[in-house]
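Next up: a single chain in structure tokens, the form predicted on its own.
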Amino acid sequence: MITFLIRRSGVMLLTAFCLTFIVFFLTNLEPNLEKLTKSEGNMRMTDTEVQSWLENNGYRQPLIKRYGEWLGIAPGWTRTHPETGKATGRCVKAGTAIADAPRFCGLLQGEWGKSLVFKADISGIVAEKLGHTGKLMLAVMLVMVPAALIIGVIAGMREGTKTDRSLSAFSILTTSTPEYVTGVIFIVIFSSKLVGLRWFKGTATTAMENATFENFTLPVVTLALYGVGYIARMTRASMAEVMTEQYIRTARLKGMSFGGVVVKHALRNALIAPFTVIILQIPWLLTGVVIVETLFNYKGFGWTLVQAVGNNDIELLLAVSVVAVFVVLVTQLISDIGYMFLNPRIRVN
């Protein structure tokens, strides 16, 4: 187990380096840097002024060196302005001399940079928005997982019956309908004046501070419905396979009731495969909330990602990407470890 964890940690670290470098490269392409320059200066800057600004702010250094500075594994860029004599650079804050500036000031040192849009430290922005999205994700998981397991288990127990076909059709319908379609339908039916039901009058924006049934139900159900079908289908297939195993028949021949066979023998083995799917819903929710949060104006992690992309906020976009990569890799490791504990037939070579 220790060897497995060390090996997987090494692979995760290498994967994180590769993915973050790709994002860093894409966000620092020339058109993005030009937009950044004009947003910091003015939209009428000439090409010469753009190149001068990029040179004076360290953007003309080699890409690998800038990536190392951003990570915090290379010394931060500093310089003394030839005209004003003031110290500038990544590690130099206002009023600080170059000699007093820290040598390393990147991601590993907790220096996430400052957002150009929100005009605040990125670490605080990411923590706040992750809290909002975490609350939404928790509510979705509490609704989605039990509902999906119940649907999948019932369908698998009654394979081939009308119940199975009805539940399977429902699962396929929810999975094949995009979140933005479901969200718009819910808004029109339950929240707008068009139909007149007006069951949910609150807005998701107020749910960030005070979540209630009226302002939090629609975004939660919109996300939960999309994931329910996928988990239910996986659970149904696993349950149907387990119910045909020899030990299930033996238990039935011994006189055990159908419900007892399902609870004591079939259910645990049937949930091994869906466990991995359930765990992997976490990174899907973290990145998949982009559409739902934008649609319902819920200012969480996904909404922040949209704002960073739309406003060319390079530093914020990089920070959000790093968090997303980290969550995906960690949840995959957790799912692998959990799968090994649930399935004793798996051995780590």
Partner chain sequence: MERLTGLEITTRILQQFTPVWIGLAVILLLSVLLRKRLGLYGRLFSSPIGVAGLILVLFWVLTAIFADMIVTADHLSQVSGMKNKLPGWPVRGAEGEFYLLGGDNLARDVFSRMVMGSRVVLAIAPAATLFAFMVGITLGLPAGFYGGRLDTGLSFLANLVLAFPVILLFFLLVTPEIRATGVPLVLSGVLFLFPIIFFLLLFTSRFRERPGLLAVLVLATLILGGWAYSGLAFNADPLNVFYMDPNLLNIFVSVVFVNSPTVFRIVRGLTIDIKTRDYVAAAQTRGERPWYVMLWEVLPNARGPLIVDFCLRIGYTTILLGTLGFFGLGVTPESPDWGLTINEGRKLLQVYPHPALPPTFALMSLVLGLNLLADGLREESLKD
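Residue numbers count along the first chain shown, from 1. Given the structure is predicted, the values throughout are model-derived calculations rather than measurements.
If you look for the form predicted together with its partner chain, you will not find it shown, but the lines that follow are about it.
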> Taking Arg44, Leu108 and Leu138 as a possible spot, do all three reach its partner chain in the predicted complex with a heavy atom inside 4.5 Å?
Replying inline: no
> Heavy atom within 4.5 Å of its partner chain in the predicted complex: which of Ala127, Ile150, Ala120, Val181?
Replying inline: Val181
> Which residue among Leu271, Ile187, Val143, Leu71 has a heavy atom within 4.5 angstroms of its partner chain in the predicted complex?
Replying inline: Ile187
>> Just to confirm the contact call: exactly one of 205-213, 263-271, 128-136, 167-175 touches its partner chain in the predicted complex at a 4.5 Å heavy atom cutoff, so which is it?
In response: 167-175
> Might Ser192 be said to contact its partner chain in the predicted complex, defining contact as any heavy atom within 4.5 Å?
Replying inline: yes
>> Within 4.5 Å, heavy atoms only: does Pro62 come near its partner chain in the predicted complex?
In response: no
> Can any non-hydrogen atom of Leu36 be found within 4.5 angstroms of its partner chain in the predicted complex?
Replying inline: no
> Would Ser52 count as touching its partner chain in the predicted complex under a 4.5 Å heavy atom rule?
Replying inline: no
>> Can you list, in sequence order, the residues from 296-312 that come within 4.5 Å of its partner chain in the predicted complex, counting heavy atoms only?
In response: Leu305, Val306, Val309
